[in-house]
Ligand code: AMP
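Only one chain is shown below, in structure tokens, and it's the form predicted alone.
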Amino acid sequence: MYRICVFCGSSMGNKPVYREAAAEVAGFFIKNNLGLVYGGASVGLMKILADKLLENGNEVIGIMPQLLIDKEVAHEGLEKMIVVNSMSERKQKMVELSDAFIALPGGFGTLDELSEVMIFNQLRICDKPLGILNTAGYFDKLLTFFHHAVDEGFVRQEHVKNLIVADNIETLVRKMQQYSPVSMGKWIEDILDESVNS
């Protein structure tokens, strides 16, 4: 992995632990000479991450729709800012440029980006590892929902297992380096049989 795309909040969150986690991720990137792909903002956890990497001279690539640039939230210190026409195009470009993905605490935008890559991995459109940094249990209720969806028959267990989760960045990336994508064949056959025999 050379470039990792990080999805995270355009807000700071209410607890110092979230800001500390973003700084720790930046420190890990610096230590391991990793490039960052992110949403291109100068606010929230995104700003903490980008600022620390820029100070160290790491590669930082921002990707932002023009509509957000017009709202003056773009990071003006980036050497590489890719301007796109839509949020969908932004996600597509993130997938194209990145070797892996990590979600830090964030809001609807982070959830949207996380969901997009989960679906891409499920359908084998993208076979790059996706991790959740579960800082202070932030994602616990989302992970509980995923398991509930498995219990109710709407999500396959193997697809939940495909998502890599840890509460510290070093463990998370180590697990991501061992990632192996899930084959599509069996679960597609299962849902076809389920529909025919219902």
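In this text, all values refer to a predicted model and were calculated from it rather than measured experimentally. One rule holds for the numbers: they count along the sequence shown, beginning at 1.
The discussion below concerns the form predicted together with the ligand, not included here.
Figure note: of the listed segments 161-169, 65-73, 143-151, 48-56, the one touching the ligand in the model of the complex, with heavy atoms no more than 4.5 Å away, is 65-73. Interface membership of Val60, defined by any non-hydrogen atom within 4.5 Å of the ligand in the model of the complex, is ruled out.
Remark: Ser98 does not count among the residues lining the ligand in the model of the complex, judged by a heavy atom distance of 4.5 Å or less. For the chain shown alone, Ala41 is a contact residue for the ligand in the model of the complex, at least one non-hydrogen atom being within 4.5 angstroms.
Interface membership of Glu116, defined by any non-hydrogen atom within 4.5 Å of the ligand in the model of the complex, is ruled out. Shown without its partner, the chain has Arg90, Met94, Gly106, Gly107, Phe108, Gly109 in segment 86-109 as residues with a non-hydrogen atom within 4.5 angstroms of the ligand in the model of the complex.
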